[in-house]
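Just the one chain here, the form predicted alone, laid out as structure tokens.
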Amino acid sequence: MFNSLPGFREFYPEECARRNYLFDAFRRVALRFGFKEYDAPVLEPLELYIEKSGEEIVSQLFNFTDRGDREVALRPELTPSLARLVGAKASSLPMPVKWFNIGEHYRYERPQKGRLRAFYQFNGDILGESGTAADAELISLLVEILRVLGLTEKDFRIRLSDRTLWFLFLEGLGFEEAKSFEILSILDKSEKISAEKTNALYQEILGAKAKETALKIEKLKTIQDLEELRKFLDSEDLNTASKEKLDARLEDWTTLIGYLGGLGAKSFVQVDLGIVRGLAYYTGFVFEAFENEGQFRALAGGGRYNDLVAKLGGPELPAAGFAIGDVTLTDCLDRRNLLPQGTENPEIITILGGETERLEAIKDITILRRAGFSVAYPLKNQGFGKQFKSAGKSGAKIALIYGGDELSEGKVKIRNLSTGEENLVDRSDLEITVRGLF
């Protein structure tokens, strides 16, 4: 027997039903929010990912040279493909673009809990809208997806931060953009390394300014209230130009929080400037959904990436989006018993007396299936006792019983499998009768 490759999963019917339950929730909520579904190739030019993320991304990819001597890679994410698709037709697409996708992605990383080499993601993005209404729409979409899946305010929170505010703050302290990138890179790592290691990294790049700057950064990253944030920035000795820019940015924060309140998402959102997101292309508000208890892991993440479409050869186009991975989310829901157990059950099961009854029953079964009902029947002759036992375990709502006596009268017996109640109906009225039972 062959085994599956490390980091890849097999989906037996039970697991597939759980996966499809997630996909159905993703799709229903996204469509409810006015997003349109799209797809892109699973195999892309390697250069697409290098252009977005740099040469270091190559070691994380399934990449190879194809028979056409092209350097290609299995997609590790969808955002570069989306940027290419929208950039190619930006002049003819109605704006803003609100698109979503549910697809499989691949990363050549060491498999571990919560991270596999093949995984599914929901991606939701808005392109062509620079205002905070787009950020609010995405955050509320994320909240609603998790809420529909059964998670509550006790289970998760959206940690909301802002790379623009960070850059303006560091600019106000006298740091140029390149140095600010280095500082934010350390901040991004700080939750995963010790305080001693964090301080050593600050010392390495800031020298004499390390202690003072680190204290200010630590103070800012612990703020969890918009008013407290405003007071802190007012109290800091920043240059005038940066203060004016920060005042304008705080108005964007006020607007965003107001939108989130109207969209019913504000109670799930926590100001948390410790989130900066590791990907260099984020340009504004960034956010992550985190579990409140248990594993304390990120369930989803995203933010604004206004420069990516132009970077990949398209026009200047504001953009924002987020992704939800299925591996960590499934684990979170499973621990809370929020996933369906077993497979999809038939709505109707058929019990047959013999081959003569089978030939008549399948005519009715075909009518009911074409009417949209899920109907199962035994593919070989079995005794009534075995069939009734199977029917009781099937999860079906009703059983249709075809015996010789019923058929001779042009009738079929309908049994409610929950109550045991039975009724005889004319076969000509079967579809109408069945509709009344569902």
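By rigid core we mean the largest C-alpha set that fits within 1.5 Å across both forms. Note that this is a predicted model, so its numbers are computed, not measured. Residue numbers here begin at 1 and follow the sequence given.
What comes next is about the form predicted in complex with the RNA, which is not displayed.
Asks: I have F11, G174 and K211 flagged as a candidate spot, so tell me whether each of them has a non-hydrogen atom within 4.5 Å of the RNA in the predicted complex.
Replies: So, no: the whole triplet misses the RNA.
Asks: Which single stretch, out of 216-224, 176-184, 149-157, 73-81, brings residue heavy atoms within 4.5 Å of the RNA in the predicted complex?
Replies: Only one stretch passes the 4.5 Å heavy-atom test: 73-81.
Asks: Can F64 be called a contact residue for the RNA in the predicted complex at 4.5 Å between heavy atoms?
Replies: Outside the cut-off, so no.
Asks: Test of understanding: in the predicted complex, would D234 fall inside 4.5 Å of the RNA by heavy atoms?
Replies: Answer no; every heavy atom of D234 is more than 4.5 Å from the RNA in the predicted complex.
Asks: Can you tell me whether F373 touches the RNA? I mean in the predicted complex, with a 4.5 angstroms heavy atom cut-off.
Replies: Taking the distances in the predicted complex, the answer for F373 is no, it never comes within 4.5 Å of the RNA.
Asks: Although the RNA is absent from this view, report whether G68 comes within 4.5 Å of it in the predicted complex, heavy atoms only.
Replies: No, G68 is distant from the partner.
Asks: Sort through L85, L201, A118, A280 and report the residue having a heavy atom within 4.5 Å of the RNA in the predicted complex.
Replies: It is A280 that has a heavy atom within 4.5 Å of the partner.
Asks: With the RNA left out of view, choose which of K393, R32, K36, R369 has a non-hydrogen atom within 4.5 angstroms of it in the predicted complex.
Replies: When the RNA is considered in the predicted complex, the option within 4.5 Å is K393.
Asks: State yes or no: after fitting on the rigid core, is the Cα displacement of I351 between the shown form and the other one at least 2 Å?
Replies: It does shift by 2 Å or more.
Asks: Superposing on the rigid core, I want to see if K389 changes position between the shown form and the other one - specifically a Cα shift of 2 Å or more.
Replies: Superposed on the core, K389 moves its C-alpha 2 Å or more between the shown form and the other one.
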